[in-house]
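Have a look below at one chain only, the form predicted on its own, in structure tokens format.
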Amino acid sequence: MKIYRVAILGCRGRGTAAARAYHAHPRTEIVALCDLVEERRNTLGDEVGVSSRYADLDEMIKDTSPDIVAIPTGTEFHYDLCMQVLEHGVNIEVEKPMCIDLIQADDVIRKSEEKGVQVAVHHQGRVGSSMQAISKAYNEGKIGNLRYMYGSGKGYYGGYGLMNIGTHMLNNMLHFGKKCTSIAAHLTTGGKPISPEDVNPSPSGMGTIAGENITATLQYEGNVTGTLLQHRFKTMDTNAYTMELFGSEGRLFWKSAGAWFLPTPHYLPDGNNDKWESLDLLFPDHYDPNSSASQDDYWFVEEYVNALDEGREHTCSGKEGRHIIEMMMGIFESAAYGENVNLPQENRTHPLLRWRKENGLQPPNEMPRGYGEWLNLETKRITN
């Protein structure tokens, strides 16, 4: 069977995670690494045994002819790098979120279709072991007909949490909701509905954001509704990063490290804490839990290999990634204009920048890229 040749573009944390997964998988071979910083590419190259190391992306692709280029870089670089790689006619995997707005996302999808190659967006949780377990139980009909979904973030500042972790949660929910058709959202900053003055550049280069706390109601096809919370906590809490599916016959509960089934649609606490049944997590037969590869990242590679073998799109396809951006822009647009937003949007410009302009304001001033420094500055603005 074909061994797919992979090049890694960006050798920091997410690049290292991607490289470990591709290195561990029996159907992929890392043929090259690219990073502007020699120390980073040498450190990762030594770990995964790759001697072809580049500072120039075009040179790397011409020399090594990869089947897939992984782009685990900062979000603000995704668009330019995706377009540059796609020009070579190579399949890509890009870190989430795919882009910072819909105009960029539309361009990436258009270019991939022009070149006849795939775009996969790294929403690894959607194909990971706990999601495999949830999907199996769901497909077996354990909860009957799906009627409602709930998802929460980890406690980041809401707008940043939406662009960062919310992308994963929306993608997880989309796996079951199939397609989101409309959104109504309420965003607050400092305890008040957001104003145009509350629009800021996101930390980590994730575009333009607003909202300290986000509550969004999502309408999906098939009469399924959902709620997404991205609320700022005083202290980050990864235990809050969960998804629950409510069906006519039961419920399913997801965390990145576990999956549970409740065999009743309604549950009243009665002192018996054993009603939730733990589900067995699912792994590819060839996954080695002792390897350095994260099981979610490994599953993502497994899905890409299978998709390319079968001539179909990755479960976390570029089109799905664009739909996630439509949903996030819809959340911002609904809160800004105080109305329900139907998807997909006809106006593809960023709604928050459009809102500021309509209120006579220029684009927001630059802010620190690092989340901690950014949050301190924003907290002072809110409290003054």
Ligand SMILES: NC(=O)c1ccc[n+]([C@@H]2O[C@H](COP(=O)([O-])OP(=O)(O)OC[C@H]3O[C@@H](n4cnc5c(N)ncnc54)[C@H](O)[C@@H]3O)[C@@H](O)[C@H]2O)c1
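Predicted model only: the values in this text are computed from it and were never measured. Residues carry their position along the shown sequence, with the first being 1.
Another form, the form predicted together with the named molecule, is not on view; read the next lines as being about it.
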Contact check in the predicted complex: G15, C34 and Q124 versus the named molecule, with a cutoff of 4.5 Å between any heavy atoms. Do all three pass?
yes
Can you work out whether A19 and the named molecule are in contact in the predicted complex, taking contact to mean some heavy atom pair no more than 4.5 Å apart?
no
Any non-hydrogen atom of K142 within 4.5 angstroms of the named molecule in the predicted complex
no
Please check if M206 has a heavy atom lying within 4.5 Å of any heavy atom of the named molecule in the predicted complex.
yes
Would you check, heavy atoms only and a 4.5 Å threshold, whether R40 touches the named molecule in the predicted complex?
yes
At 4.5 Å between heavy atoms, only one of the stretches 73-81, 279-287, 111-119, 210-218 reaches the named molecule in the predicted complex; which one is it?
73-81
If you check H168, H175, R232, R251 against the named molecule in the predicted complex, which one has a heavy atom within 4.5 Å?
H168
Of these, G128, P97, G226, G158, which has a heavy atom no more than 4.5 Å from the named molecule in the predicted complex?
P97
